[in-house]
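This document starts with one chain, in the form predicted on its own, laid out as structure tokens.
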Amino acid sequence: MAIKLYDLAGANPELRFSPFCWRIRMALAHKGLAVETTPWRFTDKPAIAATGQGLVPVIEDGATVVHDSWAIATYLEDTYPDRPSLFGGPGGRAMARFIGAWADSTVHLGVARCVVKDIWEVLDPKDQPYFRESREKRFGMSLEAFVANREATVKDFRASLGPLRFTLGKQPYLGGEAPNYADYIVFGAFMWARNVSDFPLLEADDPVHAWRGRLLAAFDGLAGRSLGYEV
């Protein structure tokens, strides 16, 4: 039986852009597990009410329901130990937790400052008021003001990727010779941008751009075939 994944969608149900859901899409592919994705929108909270919270990703694996991308990744690792490892052992799991904290605090903020208004534009109209109100409260300004200087902001964002760029100059993936969950954590942020905006976050000669390209092509082009922009 396929695992069911509630996956954040835009007005077009084929548009899937959540960075956290993309972490799990890639993790499921890495594990070679069959998945059935269900488009979910911000105002569809009753569909996941059983989890006691209102965010995706959420998976249903038979009778087991798990929410939160980190909890799902560790569940998949522990429940399917015979499948390729997402972490490569306890040390890799601990390192991935650190990478997640860095991505959530640094990479996501940089991406948001460039594309958050584009996200609002691709949402289902019923989701737009919630998204605008919640994000403007979080940022303390309008969406338009938050991205107003993105041509300058993107330079700071690129500079913030120095540790990632340095690492990828020495090895093809954060996981070494092959990707692991640490890669999928950071890659999810770039899928967030790619699938909602044609604004170029990366320069073509950046090692991060090449790494992103390798992950777009992974698993028979799972991410690269998704609805988005070629930037």
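Each residue number is its position in the shown sequence, starting from 1. This is a predicted model, so every value here is computed, not measured.
If you look for the form predicted together with another copy of the chain, you will not find it shown, but the lines that follow are about it.
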Would you check, heavy atoms only and a 4.5 Å threshold, whether A145 touches another copy of the chain in the model of the complex? no
Taking heavy atoms only, is V56 within 4.5 angstroms of another copy of the chain in the model of the complex? no
Taking heavy atoms and a 4.5 Å cut-off, does G91 contact another copy of the chain in the model of the complex? yes
Consider I48 of the chain shown here, and say whether it contacts another copy of the chain in the model of the complex, taking contact as heavy atoms within 4.5 Å. no
Which of 145-153, 111-119, 124-132, 83-91 lines the interface with another copy of the chain in the model of the complex (heavy atom within 4.5 Å): 83-91
Within 4.5 Å of another copy of the chain in the model of the complex, heavy atoms considered, which of L174, V66, V35, L202? L174
Could you list the residues in 88-110 that come within 4.5 Å of another copy of the chain in the model of the complex, counting only heavy atoms and keeping sequence order? G88, G89, P90, G91, G92, A94, M95, A96, R97, F98, I99, A101, W102, S105
